[in-house]
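First comes one chain, alone, set out as structure tokens in the form predicted alone.
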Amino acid sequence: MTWENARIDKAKEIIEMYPQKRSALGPLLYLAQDKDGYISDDSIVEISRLIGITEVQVQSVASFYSMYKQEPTGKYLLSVCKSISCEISNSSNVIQKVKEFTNLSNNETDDEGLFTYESVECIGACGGAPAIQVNYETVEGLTPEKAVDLCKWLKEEQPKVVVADELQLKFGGTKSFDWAIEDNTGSSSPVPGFQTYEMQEEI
């Protein structure tokens, strides 16, 4: 067994939510990524055992989708949108500033394990372009200058939990729409935060 007992218990709870064990593969991969910062070989073996499919089947899904990382990921995953709505709203300058600050190219992680940078396709914030996600928490209406401020803040403060509402208030601009419900829960690792799977924390 390569997972601690608490993670095994959480995995079993997730599996119980689905009519077939193999349907839990997606969230179990997030659970694995939350453990190591990427999908490790040990986690592939553990997931295979838990849901009764082959390691190759687990790996085929883990390697197909870009949100499942194959290499160790930094504490803060910076995902800058490069799709057309963001591009015509100056995302190229946001991208350049983030790359300059972190000294990273696409899909690279710094030596300190603090930042991983990636340029991504649409993140569903076209009305608030340009947009960036930090550990999948979205900030809309970001200027190049505010992108640098965001990176500086992350480096200096190193918050344990990253929350979209807080990031938007500190660094964002125009939003796609008003966020009607205040949300103080966020992500504590480079994995999307899921309330259903208790993978969110509150600031």
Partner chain sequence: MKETILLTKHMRENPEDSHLLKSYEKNGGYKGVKKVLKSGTPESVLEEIKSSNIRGRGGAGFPTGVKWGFLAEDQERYLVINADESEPGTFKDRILLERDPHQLIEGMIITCFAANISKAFIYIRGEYAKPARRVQSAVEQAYEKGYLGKNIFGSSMDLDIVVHLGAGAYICGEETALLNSLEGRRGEPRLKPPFFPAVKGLYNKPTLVNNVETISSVPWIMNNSGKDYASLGVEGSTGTRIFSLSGHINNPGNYEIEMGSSFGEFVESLGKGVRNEKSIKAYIPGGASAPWLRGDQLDVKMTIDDVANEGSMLGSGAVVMMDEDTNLLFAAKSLVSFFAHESCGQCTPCREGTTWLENILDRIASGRGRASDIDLLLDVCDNISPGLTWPPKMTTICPLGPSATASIVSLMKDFRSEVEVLLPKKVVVS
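Since the structure is predicted, the reported quantities are computational estimates derived from the model, not experimental observations. Just so we're on the same page, rigid core means the largest C-alpha set that superposes within 1.5 Å between forms. Positions refer to the first chain, counted from 1.
Keep in mind the form predicted in complex with its partner chain is missing from the figure; the text below concerns it.
S.K.: Looking at the partner-bound form in the model of the complex, is R22 within 4.5 Å of its partner chain by any heavy atom?
M.R.: Yes - in the model of the complex, heavy atoms of R22 and its partner chain come within 4.5 Å of each other.
S.K.: K82 near its partner chain in the model of the complex, any heavy atom under 4.5 Å?
M.R.: Judged by the heavy-atom cut-off of 4.5 Å, K82 is in contact with its partner chain in the model of the complex.
S.K.: Taking the shortest heavy atom distance, is Y38 within 4.5 Å of its partner chain in the model of the complex?
M.R.: Flag for Y38 set to no.
S.K.: In the model of the complex, does P27 come within 4.5 Å of its partner chain, counting heavy atoms only?
M.R.: Looking in the model of the complex, residue contacts with its partner chain include P27, since a heavy atom lies within 4.5 Å.
S.K.: Can you work out whether its partner chain is within 4.5 angstroms of a heavy atom in all three of S60, Q133 and D165 in the model of the complex?
M.R.: Yes, each of S60, Q133 and D165 comes within 4.5 Å of its partner chain in the model of the complex.
S.K.: Using a 4.5 Å cut-off on heavy atoms, which residues of 95-134 contact its partner chain in the model of the complex?
M.R.: Heavy-atom contacts within 4.5 Å come from E121, C122, I123, G124, A125, C126, G127, Q133.
S.K.: State yes or no: after fitting on the rigid core, is the Cα displacement of D9 between this form and the one not shown at least 2 Å?
M.R.: Result for D9: no, shift under 2 Å.
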